[in-house]
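Quick heads-up: it's one chain on its own, the form predicted on its own, in structure tokens.
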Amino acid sequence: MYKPAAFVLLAVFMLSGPAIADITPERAERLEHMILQDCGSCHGLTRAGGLGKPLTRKALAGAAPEGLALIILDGVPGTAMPPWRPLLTEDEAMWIANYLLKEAK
């Protein structure tokens, strides 16, 4: 089913690519720490899974960074995955999504 709002959000993420480069090295370091501590508390410190699903290369195979960023921002209703939108910008969520795809083991 076609969802205009989802399409618009996807387009915004795709067009925001250059802004992701504006994440400072200091902020990137804090985001990496957040991935280890906050994401790791549910997804496991090695991201192999726990309360949350694994964030490994195999588990993320074929995942689009835009989709992962939306999950990070809005959470997953009915699961333990909370929305991080109150704490992260869209650029930061996209940075995390790309980091996870690049760093997934």
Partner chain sequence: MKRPILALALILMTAPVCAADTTMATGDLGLVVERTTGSLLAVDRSEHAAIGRIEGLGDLSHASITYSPDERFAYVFGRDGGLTKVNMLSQAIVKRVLQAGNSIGGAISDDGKLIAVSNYEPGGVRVFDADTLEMVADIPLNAKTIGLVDLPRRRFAWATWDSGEAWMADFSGPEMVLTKLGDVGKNPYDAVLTDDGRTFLIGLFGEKGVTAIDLWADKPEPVRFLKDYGKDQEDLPVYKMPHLQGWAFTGDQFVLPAVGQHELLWVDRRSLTETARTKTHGQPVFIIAQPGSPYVWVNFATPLNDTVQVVDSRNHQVVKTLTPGEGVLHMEFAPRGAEVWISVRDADKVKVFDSFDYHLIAEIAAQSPSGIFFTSRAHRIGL
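The structure displayed is predicted, hence computed values, not measured ones. Residue numbers count along the first chain shown, from 1.
Missing here is the form predicted together with the partner chain; even so, the following discussion is about that form.
This chain is drawn without the partner chain; in the predicted complex, the residue among 31, 68, 42, 60 with a heavy atom within 4.5 Å of it is 42. Using a 4.5 angstroms threshold between heavy atoms, residue 64 stays clear of the partner chain in the predicted complex. Within 4.5 Å of some heavy atom of the partner chain in the predicted complex lies at least one heavy atom of residue 86. Residues are counted as partner-facing when one of their heavy atoms sits within 4.5 Å of the partner chain in the predicted complex; in 37-53 these are 37, 38, 40, 41, 42, 44, 45, 46, 48, 49, 50, 51, in sequence order.
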